[in-house]
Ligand code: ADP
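Listed next as structure tokens is one chain, alone, in the form predicted on its own.
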């Protein structure tokens, strides 16, 4: 199973990705967690992206695409994976598909966790990530509307988009995802 879990900040992407990872026995690849860990470790990648994340901006496509290509070629991802927080733009989605085509595979489903903006803000206020300060959070929600929501058409056109009501209990969200996958 190769899944992408998409949604705004605080939508439950991490919670659902973790649940699905355990359910299918495949790795959960959270780009946000990886980038925050790189910042904490003060690595070269962390230094490159820290200011970008603190402003609520998207990490440049070339950095993210190269990171994902490397990560998906690791042995633990050979039988499937769950991407949490990637792709964020239609360009990244296309690049991911081109890369997966070269590996003779594809994304099975892109899961969109739908929640109202006020719920995203409310949920994010309880977290303490570098990119959850009020200005960055506002910018991330703007970027979601500008760049990520239009990308949903990309997966919808390919009949690989699952729209899930994310404003329910986590186990109910997981149940709806598994029912949509079939």
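Treat the numbers as computed from the prediction; the structure is a model and nothing was measured. Positions refer to the first chain, counted from 1.
The following text describes the form predicted in complex with the named molecule, which does not appear among the structures shown.
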Subject >> 4.5 Å heavy atom contact, residue 166 to the named molecule in the model of the complex >> reply: no
Original post:
Using 4.5 Å between non-hydrogen atoms, is residue 81 touching the named molecule in the model of the complex?
Top reply: no
**OP:** Decide whether residue 27 counts as a contact residue for the named molecule in the model of the complex under a heavy atom distance cut-off of 4.5 Å.
**Re:** no
Original post:
Using 4.5 Å between non-hydrogen atoms, is residue 45 touching the named molecule in the model of the complex?
Top reply: no
Original post:
Thinking of 53, 57 and 92 as one candidate spot, does the named molecule come within 4.5 Å of a heavy atom in every one of them in the model of the complex?
Top reply: yes
Original post:
Taking the named molecule in the model of the complex, which residues of 3-33 have any heavy atom within 4.5 Å of it?
Top reply: 7, 8, 9, 13, 31, 32
